[in-house]
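Take a look at this single chain, the form predicted on its own, given in structure tokens.
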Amino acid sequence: MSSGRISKLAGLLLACATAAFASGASAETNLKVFVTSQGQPAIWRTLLDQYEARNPGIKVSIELGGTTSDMQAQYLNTVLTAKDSSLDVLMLDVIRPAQFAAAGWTSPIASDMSSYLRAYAEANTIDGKVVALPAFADSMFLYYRKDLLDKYGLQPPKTWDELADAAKKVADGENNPNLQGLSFQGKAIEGAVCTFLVPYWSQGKVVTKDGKLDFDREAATKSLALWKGFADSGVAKKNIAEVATDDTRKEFQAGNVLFAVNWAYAWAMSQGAESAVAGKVGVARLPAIKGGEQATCLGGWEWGVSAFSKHQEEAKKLVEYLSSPEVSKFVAINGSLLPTYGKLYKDADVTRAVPWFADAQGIVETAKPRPVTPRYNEVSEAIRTTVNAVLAGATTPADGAAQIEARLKRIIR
């Protein structure tokens, strides 16, 4: 063979190899998933590694968000307003799907929602379209020191008055100045919205009805006065206005709190090797206002697909996996994240890992959603900033209730 023909053949082979390499490289799809930093990202990383192993050619990276729902929403608002395509899949607080869909920031997903808990099927279906799929369920619970209640012959309180009485009895007996009776979210974060709503709902009141404002100022005053009273009486610490969700978790886990209002994620951490209260924790339904009904706030997180992702089908396939029964069971066992499928609350593997989940389904199914509106950010700000101001002593419960009502009248018409 002549040197010229050899040279041409070598050139042809090199061109084919280059094309094959380019084709192989282009076949790999890189997806980026936004995950809240409080959503136990290590667990999701494990699941994404499993997904990559099952789906050659797909690589998934995680981008962590802020430490609160509000910080995460602010960041995503900036990214999505700019139509940035860098994020493909979004972990969203349960209050966000309606807002993000209205803004055109998420893509519809063709999915049968009948197998999910009804609250999450409804939260993720907007105007007949599925706009996100459930990641995990949640609601607020009352964590308590079982060892201390047993020591003083006390039962988990059914009313907030009973809680205050129990806190005083234990405080008198323990004589420990570092032991708080109650910790809850008083900082101006999303958790403070639930702080306000729980005793407000307990009085049989709602914020909206049929899309219109139905605010009860007297009930709102009573709700704000309840929380301020805990701080003033010493049941909660004086600077409760500075306490965020994970502050409550850390203080309870350190053994410095008798009762704590928190979400399900706190359970796994309270049972960890670094916890001072492992094996000493009980979980119950939140108490009621005297004469009222026990109520709790619906939480949870959802998976949305960014409308600006360049990999729509791949992102939707990933979201379907992340919202599957297999994944819901895994995160329940390994992260104490509540399942979005009813059957898993009785699953032997789940209840062996997290025994109190067997009694949690009824609480989650009766948890109340925060007002569903595309202007939820404004509703949230009106409530949480006022709750914080009352707890900080900047305004009174009566004036705070009037301020919330006035602001909501301008938002919800």
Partner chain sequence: MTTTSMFKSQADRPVARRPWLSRWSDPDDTTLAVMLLAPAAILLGVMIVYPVSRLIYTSFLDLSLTSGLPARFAGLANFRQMPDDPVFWQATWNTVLITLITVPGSLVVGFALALLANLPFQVKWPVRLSLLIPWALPLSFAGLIFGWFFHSEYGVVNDVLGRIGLPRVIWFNSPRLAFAAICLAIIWKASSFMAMIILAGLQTIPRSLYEAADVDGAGRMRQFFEITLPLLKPTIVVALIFRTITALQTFDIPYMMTGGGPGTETATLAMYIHQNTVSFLDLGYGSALAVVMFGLSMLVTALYLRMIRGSGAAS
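Just so you know, these numbers come straight off a predicted model, no measurement behind them. Positions refer to the first chain, counted from 1.
One more form of this protein, predicted together with the partner chain, exists but is not displayed; see below.
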Task: Contact assignment for the partner chain in the predicted bound form, among 176, 78, 86, 155, heavy atom within 4.5 Å - done: 78
TODO: Could you check which residue among 377, 55, 38, 29 gets a heavy atom within 4.5 Å of the partner chain in the predicted bound form?
DONE: 377
Task: 4.5 angstroms heavy atom contact with the partner chain in the predicted bound form for residue 115 - done: no
Task: Contact label in the predicted bound form: residue 140 to the partner chain, heavy atom within 4.5 Å - done: no
Open item on the list: Is residue 402 part of the interface with the partner chain in the predicted bound form - any heavy atom within 4.5 Å?
Closed with: no
Task: Heavy atom of residue 160 within 4.5 Å of the partner chain in the predicted bound form - done: no
TODO: Can you check 204-212, 283-291, 301-309, 102-110 and let me know which stretch has heavy atoms within 4.5 Å of the partner chain in the predicted bound form?
DONE: 102-110
- [ ] Would you check whether the partner chain, in the predicted bound form, lies within 4.5 angstroms of a non-hydrogen atom from each of 145, 254 and 364?
- [x] no
TODO: Give, in sequence order, every residue of 374-413 that has a heavy atom within 4.5 Å of the partner chain in the predicted bound form, or say none if there are no such residues.
DONE: 374, 375, 377, 378, 381, 385, 388, 389, 391, 392, 394, 407, 410
